[in-house]
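Shown here is one chain on its own, the form predicted on its own, set out as structure tokens.
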């Protein structure tokens, strides 16, 4: 019997293993153990094979974690062989990696199986900060030069607002990033979540005023060096936007495979169990499955689209939800425009830099006006 395949934009695959646990991380992760790694990869491959049967090839594939690059080359190859079958010509195929894992053998493996974008979790170039994070200080210039021999499209992850860092450290981090001439940067303010090492050590996030000062500097500096701030925390040069993340921000459908991974299909969100034993034993694999209410869909659509430079397309919003935003929130939107917090550009409501800074309050007000 022939099954009907579905067309979905994006595929996310979660690798939960790490060589060490970062003190700020609250994603599903486990210290790497060979026996668990082998079992996990075998189970994940079965899930990928089922996906090959159920779905057409994807526009974007993203292998995240955890730390995918900490896998043995043998297990990496097993995964990549199956993932390659889900990639078509032109698919954006991304993998996350830690700097210390990236030797020529591993990079050659990535290239061999079609990975054309890499996201490297550097977090900081500052030696003292790296030591505090349990990371090694390495020659990043030589590393990036080596990576570019195999993969040209490189994202660097940085965090600002880490303990004992100030604006001078941030300036030096940005200067070093720009000197590497990479196409993309994702830079986030430190968030301290329950269950993390930082939370247990009572590390505090920087206050709003300090965060705004640092964020303004980041945006200004990166703009001066040719990077387009296309989403709150993401900047790209020469149009090298993350297609995978844009699908998230546009509320597109995506499939999530692996322990702790989430998927979103036809307004239904599911999340796989974060319990590794349950995942390996096929027990209660699906921990959450919910159909989003119309209010939840509207709230998410507003929040995600307004994060981007393209903003919220008013015609698409009306078609999707049967709501004319310029009608239900007319006076407030005009107020935002008058205060230079928003603009209407090519039929889309877009927040300005100052609007992005107070986005939470803007979203709340618009959502309340919709629900009057």
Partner chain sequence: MKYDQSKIRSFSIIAHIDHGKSTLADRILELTNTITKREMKDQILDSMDLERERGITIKLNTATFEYNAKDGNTYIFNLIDTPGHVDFTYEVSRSLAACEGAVLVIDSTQGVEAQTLANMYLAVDNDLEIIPVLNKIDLASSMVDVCKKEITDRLGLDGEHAVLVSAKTGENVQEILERIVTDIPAPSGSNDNPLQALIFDSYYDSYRGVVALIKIKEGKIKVGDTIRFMKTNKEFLVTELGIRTPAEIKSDALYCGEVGYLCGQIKDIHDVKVGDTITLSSNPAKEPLPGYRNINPMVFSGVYPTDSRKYEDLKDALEKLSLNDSSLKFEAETSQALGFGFRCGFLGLLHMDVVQERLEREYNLDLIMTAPSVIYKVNLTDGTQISLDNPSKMPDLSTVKSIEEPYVKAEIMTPKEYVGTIMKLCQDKRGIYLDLEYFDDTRMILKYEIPLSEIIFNFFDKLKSCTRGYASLDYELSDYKVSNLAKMDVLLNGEVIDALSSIIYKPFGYNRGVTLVRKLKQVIPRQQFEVPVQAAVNGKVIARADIKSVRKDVLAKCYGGDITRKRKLLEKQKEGKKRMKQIGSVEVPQDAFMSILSLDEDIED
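Positions refer to the first chain, counted from 1. If you're wondering where the values come from, they're calculated on a predicted model, not measured in any experiment.
Not on display, but discussed next: the form predicted together with the partner chain.
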The listed residue (211, 200, 84, 275) that reaches within 4.5 Å of the partner chain in the predicted bound form by any heavy atom is 211
Contact with the partner chain in the predicted bound form, heavy atom within 4.5 Å, among 222, 232, 79, 130 goes to 232
Practice item. Answer yes or no: in the predicted bound form, does the partner chain come within 4.5 Å of a heavy atom in every one of 156, 169 and 174? Key: no
Note: the partner chain not shown here; in the predicted bound form, the stretch from 287-295, 67-75, 134-142, 174-182 having heavy atoms within 4.5 Å of it is 287-295
With the cut-off set at 4.5 Å between non-hydrogen atoms, does residue 332 touch the partner chain in the predicted bound form?
-> yes
| in the predicted bound form, residue 98 touching the partner chain (heavy atom, 4.5 Å) | no
(Q) Considering non-hydrogen atoms and a 4.5 Å limit, does the partner chain approach residue 245 in the predicted bound form? (A) yes
Residue 18 versus the partner chain, in the predicted bound form: is there a non-hydrogen atom within 4.5 Å?
no
Checked 299-315 against the partner chain in the predicted bound form; residues with a heavy atom within 4.5 Å, sequence order, are 299, 300, 303, 304, 307
